[in-house]
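Listed next as structure tokens is one chain, alone, in the form predicted alone.
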Amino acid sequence: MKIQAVKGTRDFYPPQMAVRNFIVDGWKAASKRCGFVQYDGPIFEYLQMYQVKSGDEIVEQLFNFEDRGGRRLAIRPEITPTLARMVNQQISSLPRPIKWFSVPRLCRAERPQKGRLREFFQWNIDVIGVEDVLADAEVIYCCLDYLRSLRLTSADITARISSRRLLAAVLMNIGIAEERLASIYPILDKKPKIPAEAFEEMLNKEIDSAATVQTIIRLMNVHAVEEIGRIVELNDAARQAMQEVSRLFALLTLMGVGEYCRFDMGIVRGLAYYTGIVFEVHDAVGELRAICGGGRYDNLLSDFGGPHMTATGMGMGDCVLEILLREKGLLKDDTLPIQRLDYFVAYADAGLFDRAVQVTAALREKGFSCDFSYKPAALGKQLKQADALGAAKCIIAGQELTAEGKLVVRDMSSGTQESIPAAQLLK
């Protein structure tokens, strides 16, 4: 019986592993540049933890099961709840601000489609314990700094930024009750993904006033903060939220990424736990899902039984990012070596096999990546193997040279070679 990989998952053969490492290594480097430190947690948690954050409806979207002790568990679909749990457990001893990043493997029981698989990797960065909008700027900057390092320009991608605090203040000011906001946010979040007629129809089912629906539609199309005041009357809460947004954009400009950013009232983020700045990064054409998204979640730690502490963060999956990089010609398989050796040790005849093994082991002990041919082969064939493995240099053990205590070191890119005393080489 031939068994296939589960739909929505990926096999990482060496070429695909090279792509994955390229993406993940870049995430780690960008995180460290911006002062974040790495953490991780278990691949499964109590199901209740995800229900606390996202409600009972999340159960259908998870791979969940009952263990032998009758406990309901779930394979993690995200790592933010794990972050909240971990921080709460050691809250009194953690230095502030808490700047952590993680690159977890996640699973979601969804229908596989372009840019969205059942199993994927996600880059998460979070800043906990900073109320100032500077923390939001740091998260957005770190994200854009990474994307910029991939040679994506402001013509390729856009960070679309809004504010839940501003949206809530405006909606309540036009008559939407605070307790109804949680049911309206998911509708507003669907606006870019469905036809305008369907969006308006969904709003009409939720809101009785046709005039209010039209006002909301106009608000969702706003792309400059100052335009909001021309549509609705502003209260103090809305003005304060607008000042916060304006300061965020000033900080991002100061950080050198302002050209990538624009205000977009239509960015809502469907999850109810966001409380302030929210953002998504999209390809400029708008043909793909969001490359990443995030925002401020000031109540999550307290929802998990901890103290009230402000937090902001974002998540970026590898699937959409890889699609975008390939479409832009910035990621090609032939530019990513599967493996690169420092040395390959060849031997001129089978009698020198033991010497090749000895030299290989000595180089490995010194910290170099090194390999050799497991089966006796002609020297030319061994040199081809060294080239196929991406070896920078090939060391050749020959009968007459070994007798003199020397080895030939061949530069694989230029073809030049020289004889070096073995003792000197192994130093």
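For every residue, the number given is its place in the sequence shown, counted from 1. Source: prediction; values computed, not measured.
Keep in mind that the form predicted together with a small molecule is not shown, yet the notes after this line are about it.
Note that among 241-249, 180-188, 202-210, 266-274, the stretch whose heavy atoms approach the small molecule to within 4.5 Å in the model of the complex is 266-274. The small molecule is not shown here, and in the model of the complex it never comes within 4.5 Å of any heavy atom of residue 349.
In the model of the complex, the small molecule lies within 4.5 Å of some heavy atom of residue 108.
When the small molecule is considered in the model of the complex, residue 292 lines it closely, a heavy atom lying within 4.5 Å.
Using a 4.5 Å cutoff between non-hydrogen atoms, residue 317 counts as a contact of the small molecule in the model of the complex. Proximity of 78, 116 and 297 to the small molecule in the model of the complex is complete: all three residues have a non-hydrogen atom within 4.5 angstroms. Of the candidates 82, 310, 122, 158, 122 is the one whose heavy atoms come within 4.5 Å of the small molecule in the model of the complex; the others do not.
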